[in-house]
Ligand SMILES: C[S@@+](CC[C@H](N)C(=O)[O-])C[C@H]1O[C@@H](n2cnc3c(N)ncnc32)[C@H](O)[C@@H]1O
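Heads up, the chain below is alone and in the form predicted on its own; it's given as structure tokens.
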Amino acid sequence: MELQEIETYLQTWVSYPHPLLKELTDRGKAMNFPIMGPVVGQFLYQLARLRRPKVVFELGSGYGYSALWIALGMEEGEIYLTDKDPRLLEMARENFQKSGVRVTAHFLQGDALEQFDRWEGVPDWVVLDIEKERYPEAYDRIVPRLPSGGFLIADNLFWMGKVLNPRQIDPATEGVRAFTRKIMTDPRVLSTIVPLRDGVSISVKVGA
């Protein structure tokens, strides 16, 4: 069975905790915009319900799709959304307002890593979905700031299957490979790659 068939099957069982999420899923397809998708969204929502993070910082938020799944699971706390495109960030703001979610959302326009560096808070979770060639750099800047038990969640660890092809040596693919080596070998974190959609990694801070 192909991975796409599995994802299509899993999508039939997705339960949207808010009707706006279904609308945003359809919008992503119509715009051909690279969202995490409802299967991963539901997974993040479930994790947020289980862990109840109080402070989440997302690097690369687009129009707020994955952030909204997480915020609905959090129920309360703060979530920081970042994007270079002010139009996407304004869409994210509007979507959060429509949702009525109780989480306090902050919308930071500009380079996501630069915004993270300027921010002085302590994150319970960091969600990573920026340019893949920057993943290793992002890892080195994020992990030292995670508290014990903090999560680093990253999307696209399969990178459309390119990581499996040894002849694929473009910067984005090499970035994902280097990031994967870091999360799987760094003793400061305990990591798992979950084979949903394009691969989602969950790294838990366990050491200084």
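Worth saying up front: this structure is predicted, and the values here are computed from it rather than measured. We number the residues from 1 along the sequence you see.
Below, we turn to the form predicted in complex with the ligand, even though it does not appear here.
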statement: Of I130, A105, M91, L72, the only residue with a heavy atom within 4.5 Å of the ligand in the predicted complex is I130
Sole residue of G62, P38, G175, P53 within 4.5 Å of the ligand in the predicted complex, by heavy atom: G62
query: Where, among 167-175, 45-53, 26-34, 139-147, do residues come within 4.5 Å of the ligand in the predicted complex by heavy atom distance?
result: 26-34
message: Residue-level contact is defined here as any heavy atom of the residue lying within 4.5 Å of the ligand in the predicted complex; does G77 satisfy this criterion?
response: no
query: Does any heavy atom of S66 come within 4.5 Å of a heavy atom of the ligand in the predicted complex?
result: yes
Contact label in the predicted complex: V101 to the ligand, heavy atom within 4.5 Å: no
query: Counting only heavy atoms, which residues in 86-124 are within 4.5 Å of the ligand in the predicted complex?
result: L88, G110, D111, A112
